[in-house]
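The form predicted alone is given below as one chain in structure tokens.
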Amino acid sequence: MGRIVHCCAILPISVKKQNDMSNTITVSQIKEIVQQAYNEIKSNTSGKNADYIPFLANIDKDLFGISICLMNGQTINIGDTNYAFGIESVSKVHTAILIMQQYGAQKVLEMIGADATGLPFNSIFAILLENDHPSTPLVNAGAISACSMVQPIGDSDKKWATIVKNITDLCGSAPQLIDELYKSESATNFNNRSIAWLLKNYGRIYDDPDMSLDLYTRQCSLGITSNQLAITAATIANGGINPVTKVQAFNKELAAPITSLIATVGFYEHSGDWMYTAGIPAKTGVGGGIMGVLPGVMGISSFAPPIDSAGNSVKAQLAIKYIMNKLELNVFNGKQVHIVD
């Protein structure tokens, strides 16, 4: 009998510990904190537009939006969330998912890799340091290699149609090519041309290098909104099922590998600092967009053109970090998150 009493005595303590590791949040709380983040950060003037791509240099620097998509498909949008900006390097996530679907996660690991370079996103030196390896599909070298892998091999038009359909499935609506941005990038992508041909020299381009570079440049020039990116992130967080359209955009088992890639290199050489302070895997682009994935909970995105020296939007970083910390959301704190109306 004594043992039974002892067992019952410790049960409330066990339940209490479980409750301490849970975090119930209401939708109204999320909306309130998103509004707070927007109000506090919108006047920030740090950073400057990416000027090495002429089109981006001329985008209104005051544009700013924050979007969230929950697992039930509900979206929260504040600010310039319907403005279509250049998706740029955030598109690397979409194409990484595509080639994982076509080849499998293990084959992508073998053909490209999954390691952070610790160097800038467009580094040629990183390829040499990795002994001819692109390292990860989320830096320029690996993304160009990924575009070369997209099936069907050898057919640029069909490859492009496949890339666009994949992005459409992920974000729930079709992106639109910003033709002026595409022309601007094509005229100035000298570094990426060097990367493409260096990879060709090492046998890490799996289709025509010029075609592969063009596909990469085009996908970076697609216009996307922060709302669409939040839905993409929520699709990843939801195990490949788009929570808005209910479309199965990719196989469930790919959610963990793609999220790990985002966590490892989403902020390039500042990825460790980002994860340490924000606690959410997120991918950036020099167009000013950032997309964050909180598995099983939500997708979040923010957009503002001025970027820091590493190519990451200043205001978007501050906004996502503010929201994560205020809501005590973090992939590392072990809390089970419940969102209720």
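What you see is a predicted model, and the numbers here were worked out from it, not measured in a lab. Numbering starts at 1 and follows the sequence shown.
If you look for the form predicted together with glutamic acid, you will not find it shown, but the lines that follow are about it.
Comment: 84-92 is the region of 84-92, 161-169, 235-243, 250-258 lying near glutamic acid in the model of the complex, near meaning a non-hydrogen atom within 4.5 Å. Taking a 4.5 Å heavy atom cutoff to glutamic acid in the model of the complex, the contact residue among Ser184, Thr264, Asn192, Gln101 is Asn192. Between glutamic acid and the residues Ile53, Ile41, Val314, Ile33, the one pair within 4.5 Å by heavy atoms in the model of the complex involves Ile53. Under a 4.5 angstroms non-hydrogen atom cutoff, glutamic acid in the model of the complex lacks Val108 among its neighbouring residues.
When contacts are judged by a 4.5 Å heavy atom cut-off, Gly285 counts as touching glutamic acid in the model of the complex. Proximity of Ile231 to glutamic acid in the model of the complex: non-hydrogen atoms within 4.5 Å are absent; the residue sits far from the partner. Although the partner is absent from this view, Asn140 contacts glutamic acid in the model of the complex, with a non-hydrogen atom inside 4.5 angstroms. At a distance of at most 4.5 angstroms from glutamic acid in the model of the complex, all three residues Tyr216, Cys220 and Tyr268 contribute at least one non-hydrogen atom.
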